[in-house]
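To begin, one chain is listed below as structure tokens, in the form predicted on its own.
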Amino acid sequence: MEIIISNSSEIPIYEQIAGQIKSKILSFELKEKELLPSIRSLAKDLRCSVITTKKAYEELEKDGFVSMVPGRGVYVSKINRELALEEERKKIEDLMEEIIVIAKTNNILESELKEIFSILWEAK
């Protein structure tokens, strides 16, 4: 399983890991009941702390994306993908609302926001 960590990112490493695994689950790259790498194995592969990978898996479990079975491993849970995607859409809407408030406070035009978004979108 390929996961790319950026040490220069403001996003904590455990969130980067959890986010990428969540994306793989939502895109069907990881299937229901699929066994994920062990906490130690993932930490070794990513060259990060076992505590970091454990926290990532705990976040995913809390959100219902994986099940941690003591002595057996971490498995992809059965999830309502549409409900999970709707949750992600809501997060995007919340962030966009913050952006709009900042833009309006600073007299930044909608057209400028669209241009910034387009540039950033193409860069990813």
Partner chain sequence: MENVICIENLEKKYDNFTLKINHLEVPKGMIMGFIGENGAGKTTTIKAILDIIKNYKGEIKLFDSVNKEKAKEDIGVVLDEAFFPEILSPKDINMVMKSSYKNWDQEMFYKYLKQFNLPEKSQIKTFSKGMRKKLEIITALAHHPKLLILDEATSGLDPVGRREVLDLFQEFMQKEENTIFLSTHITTDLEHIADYITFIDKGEIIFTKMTSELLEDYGIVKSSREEFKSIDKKDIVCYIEEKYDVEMLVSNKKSFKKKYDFVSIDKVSLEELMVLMIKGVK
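By rigid core we mean the largest C-alpha set that fits within 1.5 Å across both forms. Numbering follows the first chain given and starts at 1. Computed from a predicted structure; not experimentally measured.
Omitted here: the form predicted in complex with its partner chain. The next part is about that form.
Using a 4.5 angstroms heavy atom cutoff to its partner chain in the predicted bound form, all of E10, Y14 and A43 count as contacting. Shown alone, this chain has one stretch from 25-33, 75-83, 43-51, 61-69 that lies within 4.5 Å of its partner chain in the predicted bound form by heavy atoms: 43-51. Core-superposed comparison between the shown form and the other one: the CA of S9 exceeds or equals a 2 Å shift.
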